[in-house]
Every structure is written in structure tokens, then in C-alpha cells.
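Before any questions on how it binds or moves, here is one chain, the form predicted alone, in C-alpha cells.
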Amino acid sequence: MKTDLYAVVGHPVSHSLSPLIHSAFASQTGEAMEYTAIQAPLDQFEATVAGFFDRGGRGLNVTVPFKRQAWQMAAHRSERAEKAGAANTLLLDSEGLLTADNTDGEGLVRDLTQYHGIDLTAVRILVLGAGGAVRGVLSPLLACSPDSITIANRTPEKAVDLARLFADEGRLSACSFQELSEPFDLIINGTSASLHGDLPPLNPAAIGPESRVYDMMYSAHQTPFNQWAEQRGARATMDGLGMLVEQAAESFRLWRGVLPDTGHVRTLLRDRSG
């Protein structure tokens, strides 16, 4: 049986959990595939991608700092990749043309709704940050028909630009961190602050006793943002490990036509990080 080749491309990439995740998916579903990690030189991403597919590769995940380049070099883009302005999944279409997709937002929504059991309909959502990570999840969140989404950012002008870009998809507003003065139902931290052990300068008034808090970052221990939110009385805190697994499952579905069960992989990664 032929073994199809897949990989994740980034710089750096040695820390990536994607090979572990996709190997587990392949074992579970019986798909004949091999998944590796490729560190591309910062100035040779396109050559790395072209070389991979020339060697018979079937699909790639793309991580920092190449998601924008992956989007730019694709001949075709899915609707969600087009709006996100970035791609984390590459594959060849039936004509052999490079196609880009973005599964990050789908991964976040599945984690929130299917795993954590949160109904996003009619809720008031606060999203922190206005970078690529946030841009990639806004359309899937808005498709769930929340009451509203407020984008808060250190530089409010960037939040305003993002709100305008997605204004045709739902009720959006933008502000600075300091302007927030009342609690939200769901707060999603899309900044990279937790990676550096920092906190976004969020007004504690945004967190109430019914607020659920989600940090798109993840670690073996509670992220600084989630710890801060819990200390201020948040109803529940969640990190982004589930989003990582769910976005990988969606990539797997795009490549192989089967959606794997993610429960075992979630447990595997939690046990590994613990």
C-alpha cells in the first residue's frame, strides 16, 4: 500500500505537536500516510513548498511565520482562507493546482461548541487582539450568530479596521482595552501575551461571574491570562489545546475525506504535557 506524504512547515518547527497529532489520526482511521516536520529557511518558503509537492507530497500544514505567504502563493483559496488573509493548510486540487484553506476558526468553534458545550448563539463575545490569529477566527465565530463581537486591541485603529472588514457578516464593534467597562459572556484572548508570560491590559470590569474565558495559547500549566481571569471570578477558563487538535482534524478531513475522532488525541496531549 502506498504511503502518502504530509508535513507541517514553519520556522522554527521542532516544537510542533502536529506530527504527533496526525500520526494518531492516521493510526485511528487506518489511513496510509506519513507526517513529518519541515523547517523552511525564512527566505525559501515557496521553494520548500514547491519541492515538497514535486516529490509527491499530498498536503501541508503551515505555521508561523509563513501563513500569509502560503495564502499568497496559492492558485485557489477557500472562502474562509480568503477572508482570513492567511492559510494553515495547503493541498493540490484535481487539476494539480495549489489550494489554500484556513482551519483555525473551525477548530476554535468546534472546541467551544462540541467539546466545551458552549452555545455561541446570541452571546456577547469579546475578542482580544487584532492580528492574524484573530482575523482567522472571526468569520467562523460570526457564522454562529452571536449577539455581537467586540474587538479590543492595544492599538484601537487596528481593531476598527478589522471590524470594518467583517462588518457584512455580523454585529461588530472595536475599542481599546481600557474602554471596556462591562462583562462579556465569552472572552477570547487572541493576543500572543501568554507566550511571553504577559497579560493584555484588560479592564477587569470585562469579566463577570458568568464570563467564560478562552486563551488561544496553551501550555502544560494554566496560562497567565486564564489564571488572571480565574482570580477575578470568571465562570470557566479554557486554553487553546483543543483548538489545535480540532483545526488539525479539519485539515485531516480536507486531505483524506474522513474526520477523525479527537477525544483520544486530546487525552494523549494532556497526558504528555502534564
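Keep in mind it's a predicted model, so treat the numbers as computed, not measured. One rule holds for the numbers: they count along the sequence shown, beginning at 1.
Separately, the form predicted in complex with a small molecule exists; it is not shown, and the next lines address it.
Trainee: Which residue among 154, 171, 76, 124 has a heavy atom within 4.5 angstroms of the small molecule in the predicted complex?
Mentor: Comparing distances to the small molecule in the predicted complex, the residue within 4.5 Å is 154.
Trainee: Which residue among 138, 109, 130, 81 has a heavy atom within 4.5 angstroms of the small molecule in the predicted complex?
Mentor: Among 138, 109, 130, 81, a heavy atom within 4.5 Å of the small molecule in the predicted complex occurs only for 130.
Trainee: Given that the small molecule is not shown alongside this chain, does residue 191 nevertheless sit within 4.5 Å of it in the predicted complex, heavy atom to heavy atom?
Mentor: Residue-level check for residue 191: yes, a contact with the small molecule.
Trainee: Does any heavy atom of residue 177 come within 4.5 Å of a heavy atom of the small molecule in the predicted complex?
Mentor: Taking the distances in the predicted complex, the answer for residue 177 is yes, it comes within 4.5 Å of the small molecule.
Trainee: Is residue 204 close to the small molecule in the predicted complex, meaning a heavy atom pair under 4.5 Å apart or at it?
Mentor: Looking in the predicted complex, residue contacts with the small molecule do not include residue 204, since no heavy atom lies within 4.5 Å.
Trainee: Though only this chain appears here, would residue 183 touch the small molecule in the predicted complex if you measure heavy atom gaps against 4.5 Å?
Mentor: Residue 183: no contact with the small molecule in the predicted complex.
Trainee: I need the one stretch from 111 to 119, 91 to 99, 142 to 150, 196 to 204 whose residues put non-hydrogen atoms within 4.5 angstroms of the small molecule in the predicted complex.
Mentor: Within 4.5 Å of the partner lies stretch 196 to 204.
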